[in-house]
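Below you will find one chain, with nothing else, as structure tokens; this is the form predicted alone, and questions on how it binds or moves follow later.
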């Protein structure tokens, strides 16, 4: 058991240390209150545990330097957006070249063909379209699924995350589906548009699909945004069987699970989705996303002649597929996030996991650590959760803040939304071992309190 009173004192000490070490960041944060909501350019940046965010000056590889000249090993990596590392040379050079030769023209480039072919090679889907975010990709494919099936609803997993898509902001509360807590200005009751079940619950899945009113199941192949929740051994085979039996489209969101390998979890486990979405990482940090479909889905998309895919039908955007983001995608996929890169990154995640597990065992803590490809995460419960509801119930905000801030004060960035670490091609063994050292020190402080 952790002494909560002592934990509060430890956290307060870390906050005082953070304030002392970051006078310039605090000055900028104070100035920013005059023009930026919450003092930040995007409200998610308010999440950092120190009471205000560090302001970045430089970021390169697996390192970030802030305006107080403090260097950090970055295991957050823009919550996957910078999985390629910060400003990888090939991507930065491609952006400079393309930036000087046209950023957006609403015309295709030859690079787009290369990227489409490469995504097919990696993920197996036949035909691709580009977006600016994974949110857009998910939003568009939901509309496509409804068009094809002429069904009104989608199905998602409890405590899923697929960007700011209205239909996915639904959760189970004491077994009852309703709007996810904190859903800002929900435009419509999500139970009108969506169904929600727990991940790994095949009985609930089959029951939800039986009425044949669901256009598509949209899910991550392993949950990541409520912490890592891995699928049961037979889960994906049964999911594919149920969706085919009920003529429901299966959409796999690889935005975070791309960390499983060069073809994501889909290729690593031989999954067969009808549609696949991805974002964040494929352009090395540039705003980009994509969705791929099978040829069968593509044929059905255009079966109804009044479906407008080229103007105001709700699919696409003026800047989607722009020359700059496409150039970044090609450079990143061709030269940075390669098979060799994953062969470097995944063993580092294994090393990170072993280090954390050894500390947990040494202090006999009722915690565990889970790995998914190049990603790993520890939790403050003894056994891995099987679904989003169990994962959410295990959240310990005070303890999480302490662990994060202790690491931050000693030069380590972790994802602020949970205890996740991601490896990049630029991450090193010494980076991982330093985290193990700091993690052990933070636990030792808890043990002594």
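Only a predicted model underlies this, so the values are computations on that prediction, with no experimental measurement involved. Positions refer to the first chain, counted from 1.
Below, we refer to the form predicted in complex with a small molecule, which is not included among the displayed structures.
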Original post:
Could you tell me if residue 220 has a non-hydrogen atom within 4.5 Å of the small molecule in the predicted complex?
Top reply: yes
Original post:
Counting only non-hydrogen atoms and a 4.5 angstroms cut-off, does residue 135 reach the small molecule in the predicted complex?
Top reply: yes
Subject >> Any non-hydrogen atom of residue 163 within 4.5 angstroms of the small molecule in the predicted complex >> reply: yes
Original post:
residue 79 near the small molecule in the predicted complex, any heavy atom under 4.5 Å?
Top reply: yes
Original post:
Pick from 332-340, 195-203, 262-270, 248-256: which stretch has a heavy atom within 4.5 Å of the small molecule in the predicted complex?
Top reply: 248-256
Subject >> Interface residue in the predicted complex among 379, 122, 280, 86, criterion: non-hydrogen atom within 4.5 angstroms of the small molecule >> reply: 280
Original post:
So which of 168, 158, 91, 225 reaches within 4.5 angstroms of the small molecule in the predicted complex, heavy atom to heavy atom?
Top reply: 225
